[in-house]
Each structure stands twice: as C-alpha cells, then as structure tokens.
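In structure tokens, one chain follows: the form predicted on its own.
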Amino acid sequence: MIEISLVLLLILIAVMFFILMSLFFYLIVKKYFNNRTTRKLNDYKEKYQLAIFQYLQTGEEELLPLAHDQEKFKVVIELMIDYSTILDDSYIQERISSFAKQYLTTYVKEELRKKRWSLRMNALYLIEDFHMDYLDESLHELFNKKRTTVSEKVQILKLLAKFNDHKIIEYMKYVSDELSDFSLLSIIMSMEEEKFDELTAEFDGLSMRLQYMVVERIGEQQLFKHQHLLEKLIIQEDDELRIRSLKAYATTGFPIDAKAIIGFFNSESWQVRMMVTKVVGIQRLDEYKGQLIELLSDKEYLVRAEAAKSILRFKDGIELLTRVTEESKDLFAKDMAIEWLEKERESYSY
C-alpha cells in the first residue's frame, strides 16, 4: 500500500515537473517572438519616419510607405499619431486627417465590428487620435449594441461630446447610473460649450449625479453665465448640491448673496459648514466674522481649521485670532487660533 502511494507521488511530481518545464519553455519562446516583433516594428519606424514626415510636409501621397503588411501598416499609423501630437501646423493636421479618411476609414469600421473588446477599444482610440467625426453612425451603432461594455460607452460618449453630437445628452441621461463620477465628469468636460448649455437647460430633468457633475464643470471652468443656477441650488434642500455649489463659489469667486447663506453656519452637515466658511473667507464677508469665530469651536477639526484660515484672509485676521487666544474659554478654539497664527508667522501660503 505504501509502495503504491510512493509511485503515485513520483508520477505526480513528474507530471508537475513536465508542466512547469513546458510553461517555462512556452514563456521563453513567447518572449523571443515578442522581442523579435518589437525590434522589427522599431526598424520599420526608423525606416519610415522620414518618408511620413516628407509626406506631411509636401502632401505627395507617393511618399507614403503603404503596404498590405499589417506590421508596416501599424507603424505608419503610430508615426501619424506621433506627428499629430508634435506638429501643430494646420496644413499638417489637414493631411493627417486626409490620410485617416482615405486609408483608415474602412479599417476602423471593420475593427469596431470585431468580437474582441481590445480591438474595438483600439479603433475608438484611433477615431479620437485622428478626429474621425464622420464615423458618428458607427459610434451610434456600437453604443446601442447589447454587448458594448461600460468602458466602450464611456469612450464613445467622450467622442460624441467632442464631436458635438446631437444625441449626446440623451445618451448621458440613459447611462448615467452605469458610469463613475470620474467618467461622467470627463465626458461633461469634453462637451462643447454650446452643448453644455443645452445640458444645463435640462438641469432639473437630470439624475442627481449628472447634476453634481454639471455644477463641478461650472466651478472648474468658471462659467459665469451659469451663476444663476448656483444661486438657485444653494437654497435647495439637497446638501450635496449645496456643498458643490458653495465649492463652485469658493473656486470661482462669483459674488454670493450673503443673506442666502445665513443659516448654513448651523447646518447639521459639517461639509456645508466648512464650505460656507471657506466662501466667507474668500469673499471677505465682514458681516460673518462673528460666525467664523464661533466655528473655531466646531466639533469638526476641518471646520475649525477652515474658520481660522478664513479669518486670516481679513485685514484684521491676526488681531481677531490673537484675541481668541487671550479671551476664549474653548480649548479647541484657542488651539486652532494658535496653530494658524504660527502658520501665519511662518508665512504659510493659504
């Protein structure tokens, strides 16, 4: 019985050894061929870069080293992309677009219909690199297929946003729950201003997450013409919208209606208290200095820190904080005042 078990054990060891050796040799062979392909592509790149550059300079198509060889074709595309990012001349960009339209359109369309996800994604990146906005029908077709993944939809929406497509807003409403905040924001940031204005006009009909991202763009790009929307949002009940709107006010410096924020210093949301504190400091609203001093005793450290920082933005900020260190009975307030006075002495940049 023991002899049989040993035999089995030896057989298992032998099988495992064989599998490991096979895998080892497979990886070596694979690495060899990968290295060989890479060297070949680099050689082609070195060989063709001058010809591609001359084509872009002169527009003479006979200079193009086109061939049915997939590797050579891939190298030509890579060189075109490289030059499109380096050379900003309008004539050269026009020739690159002309090359893409003439030689890549059929290829990209076929790639978009492939079953492999990676091939479809690469085709989408090519559309972006060469700004192939005339392929909008193919983009719509892919977007509406059941098998299309979220990452593909994100890339398609970015492209449709850049191309100012008429369906972009409808699509975003449809898939906004599937996308991350980062993806939603990147798509909205890609929109032409005219299309973003249309999106803003439909603000009340958007999902909450889309609304949040719209406010983000208004703040980040300082879109003053949408200030009226921020005015409306800070007095609504949704804390998240209020916080983001206050953040936009803090970022842009848009003048805020001081009366509208009077109740925010006692908000249950510490983020609201912190953001309103920040806005008061940035806009130096004298009538709220007393609230800032009270918030030095807030239970949240970040609110206390923002209050001290905002007080220092006023001309008499140092004097106000010094008085707190001398007169306040609240240890939190005194500590925070001392901390920021020390930072001020060290020329802290705030």
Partner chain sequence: MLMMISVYGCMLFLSLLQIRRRYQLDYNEPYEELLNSEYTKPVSILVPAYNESVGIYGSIRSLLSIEYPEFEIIVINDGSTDDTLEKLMSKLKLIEVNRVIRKQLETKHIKAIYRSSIYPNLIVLDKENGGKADALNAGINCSKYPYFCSLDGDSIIERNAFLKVLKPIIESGDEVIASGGSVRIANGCVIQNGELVQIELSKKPIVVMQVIEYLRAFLTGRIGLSKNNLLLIVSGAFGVFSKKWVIEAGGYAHTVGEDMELVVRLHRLVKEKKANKKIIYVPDPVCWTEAPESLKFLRRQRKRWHRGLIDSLWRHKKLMFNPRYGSIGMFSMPYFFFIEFLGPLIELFGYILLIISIFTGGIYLEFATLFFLLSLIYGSIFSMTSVLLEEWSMERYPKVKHLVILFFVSLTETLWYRPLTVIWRVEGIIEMLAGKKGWGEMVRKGVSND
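Positions refer to the first chain, counted from 1. All values derive from a computational prediction rather than experimental measurement. For the two forms, the rigid core is made up of the largest set of C-alpha atoms that agree within 1.5 Å on superposition.
What comes next is about the form predicted together with the partner chain, which is not displayed.
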Exercise. Of Gln102, Ser118, Ser90, Gln236, which one comes within 4.5 Å of the partner chain in the predicted bound form, counting heavy atoms only?
Worked result: Ser118
Seminar exercise, completed: the partner chain in the predicted bound form has a heavy atom of only one listed residue within 4.5 Å, and of Val272, Leu112, Leu229, Leu185 that residue is Leu185
Exercise. Since the chain is shown here on its own, which stretch among 285-293, 315-323, 43-51, 27-35 would lie within 4.5 Å of the partner chain in the predicted bound form, judged by heavy atoms?
Worked result: 27-35
For this session: Classify Asp330 as contacting or not contacting the partner chain in the predicted bound form by the rule of any non-hydrogen atom within 4.5 angstroms, answering yes or no.
Result: no
Exercise. According to a 4.5 angstroms non-hydrogen atom cut-off, is Glu300 in contact with the partner chain in the predicted bound form?
Worked result: yes
Exercise. Is Lys158 close enough to touch the partner chain in the predicted bound form, meaning at least one heavy atom pair within 4.5 Å?
Worked result: yes
Exercise. Does the partner chain come within 4.5 Å of any heavy atom of Thr149 in the predicted bound form?
Worked result: yes
Exercise. Does any residue in 5-27 get within 4.5 Å of the partner chain in the predicted bound form, counting heavy atoms only, and if so which ones?
Worked result: Ser5, Leu6, Leu9, Leu10, Leu12, Ile13, Met16, Phe17, Ile19, Leu20, Met21, Leu23, Phe24, Tyr26, Leu27
For this session: Establish whether a shift of 2 Å or more occurs at the C-alpha of Arg39 between the shown form and the other one, with the two forms superposed on the rigid core.
Result: yes
Exercise. Under a superposition restricted to the rigid core, does Lys299 display a Cα displacement of 2 angstroms or more between the shown form and the other one?
Worked result: no
